[in-house]
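Before any questions on binding or motion, here is one chain by itself as structure tokens, the form predicted on its own.
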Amino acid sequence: MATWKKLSLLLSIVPILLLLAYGFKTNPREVPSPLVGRQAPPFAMAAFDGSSHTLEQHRGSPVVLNFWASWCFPACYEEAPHLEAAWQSYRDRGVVVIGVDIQDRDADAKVFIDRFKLSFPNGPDVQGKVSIDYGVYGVPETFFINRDGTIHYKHVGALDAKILKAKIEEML
């Protein structure tokens, strides 16, 4: 009888261990987002500069929606200059870049924005609703949203100039 219980316990633990091993081995950047190809969740955000932004008001324009935080080092620090450069390069072609600061203090976020001289709209996700709607589980994460509001691509981790250019050009 004791052998039967041990065997049952072992058989119930093995699937859990295999699932954990799979989870630890899987690169989160390679997990496909179920949102790609679907309509981007709507959002409204008050930016640090006092402006207001909704996804709906940018319908018809490609949108780069970046989730970041000032405590996200080094990834958010690495990508910030690339995001600003992309904004400067593509804004005249109708591309919109929006930064969503999550789980951060406003003062720290404003220091970050000043440090990198970010001129595109950035605002806090006060209630965390935007992050939840987009399924963000870490920073940085970036969504590339087509003119029709569908999510074209999701990037997990720091962006570089090459990725930004490639994904923006695909949306133009």
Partner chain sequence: MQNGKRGKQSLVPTLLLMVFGIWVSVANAGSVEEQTLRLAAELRCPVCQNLSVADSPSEMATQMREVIHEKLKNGESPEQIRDYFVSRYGEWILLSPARQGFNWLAWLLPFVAIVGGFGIVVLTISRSIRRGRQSHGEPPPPSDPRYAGRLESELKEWER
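Please read these numbers as outputs of a predicted model, since none were measured by experiment. Numbering follows the first chain given and starts at 1.
FYI, the form predicted together with its partner chain isn't displayed, but the following is about it.
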Partner proximity in the predicted bound form: V136 to its partner chain, non-hydrogen atom cutoff 4.5 Å: yes
Answer with yes or no whether K117 is in contact with its partner chain in the predicted bound form, where contact means some heavy atom within 4.5 Å. no
My question is simply whether A44 lines the interface with its partner chain in the predicted bound form - judged by any non-hydrogen atom within 4.5 Å. no
Is R147 part of the interface with its partner chain in the predicted bound form - any heavy atom within 4.5 Å? no
From the candidate stretches 44-52, 57-65, 124-132, 108-116, select the single one in contact with its partner chain in the predicted bound form, where contact means a heavy atom within 4.5 Å. 124-132
In the predicted bound form, residues of 74-89 near its partner chain [heavy atom within 4.5 Å]: none
